[in-house]
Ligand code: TRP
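Just the one chain here, the form predicted on its own, laid out as structure tokens.
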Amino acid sequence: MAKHRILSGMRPTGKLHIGHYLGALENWIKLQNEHDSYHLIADYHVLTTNPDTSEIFNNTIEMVIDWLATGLDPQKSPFFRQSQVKEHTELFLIFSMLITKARLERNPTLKDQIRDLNIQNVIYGHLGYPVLQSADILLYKGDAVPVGEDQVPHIEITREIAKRFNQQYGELFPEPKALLTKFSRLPGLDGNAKMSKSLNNTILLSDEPDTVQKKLRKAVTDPQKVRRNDPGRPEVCLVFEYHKKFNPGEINEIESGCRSGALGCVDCKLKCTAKINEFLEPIIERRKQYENRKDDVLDILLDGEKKARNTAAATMDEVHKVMNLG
């Protein structure tokens, strides 16, 4: 059975948190051993909501260090910046001729972003974000994309564009499917449904043990469990959600102790802190090695970009041929 070709990507926002790991990186690391993977640093996508480019390069390096520290292997799956492979913008232009403004305005993910970011005037590039994402995927003929449920509408748009191109010009692109991430979202320390650096409710992959302990100490728990012996409700406690991932071996004990009141929130948080720090220790160790070799990190990017350009150029040669553009 032929391997799927997978395109995964992130906006370069700097250091990553444990929510990024559970929602994406853990799955990417597994998939890189099973499929032909490409990993995109979506620096052009940053511009859809923020025109400031002053920190993009530094944020890219920090993010790539986290990718490397968690176990992504650039020898198995090239890392590359979107802006350094010019074919992304050319295919984006072609694809923009194959979809209507009305279809893009029906995108529920866009509606959610506009609401969450309180955007008053939507720019053309933001409206067309899924079209650029379609170019990102199909430029490498990706036939599977690991995403959370909130990104499935974008994959549907990609499938529509691929189908329309194939019907108009000839069979060239696959219609990619979404590979849903099983553990796609980790709540923030403040109880918010999403862990986000903009909300300051994260545990970073680079956080030292003392920092993790301080952050967990302030994490919200069951508001009805005020004193140690009060019975708790694990299903409403975000710390219990962290235990599910980082402390599965003790999860039954944690749950029964919480419900009976035998386990207080302070001790519960300390147990969770210890397990998260145990998980982060090797990541932080590897991270420190790369922090002192940033030139090597840039070389990894340059090498990945060379590989990506070769694939992208071959695809665009085929596009030009079927479109009779030369």
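From 1 onward, residues are counted along the sequence shown. As the structure is a computational prediction, the values presented were derived from the model and not from experiment.
Missing here is the form predicted in complex with this ligand; even so, the following discussion is about that form.
Q: Of these, 68 to 76, 200 to 208, 246 to 254, 126 to 134, which stretch puts a heavy atom within 4.5 angstroms of this ligand in the model of the complex?
A: Correct option: 126 to 134.
Q: Just give me the single entry in 145, 98, 238, 157 that has a non-hydrogen atom within 4.5 angstroms of this ligand in the model of the complex.
A: For this set of options, the contacting one is 145.
Q: Going by heavy atom distances of 4.5 angstroms or less, which of 213, 151, 83, 221 would be at the interface with this ligand in the model of the complex?
A: Selected residue: 151.
Q: Just to confirm, residue 17 within 4.5 Å of this ligand in the model of the complex by heavy atoms?
A: No - in the model of the complex, heavy atoms of residue 17 and this ligand never come within 4.5 Å of each other.
Q: Mark residue 40 yes when one of its heavy atoms lies within 4.5 Å of a heavy atom of this ligand in the model of the complex, and no otherwise.
A: Heavy-atom contact with this ligand at 4.5 Å: present for residue 40.
Q: Decide whether residue 9 counts as a contact residue for this ligand in the model of the complex under a heavy atom distance cut-off of 4.5 Å.
A: Yes, residue 9 is a contact residue.
Q: Just checking whether residue 45 would be counted as a contact of this ligand in the model of the complex - the rule being heavy atoms within 4.5 angstroms.
A: Because a heavy atom of residue 45 falls inside 4.5 Å of this ligand in the model of the complex, the answer is yes.
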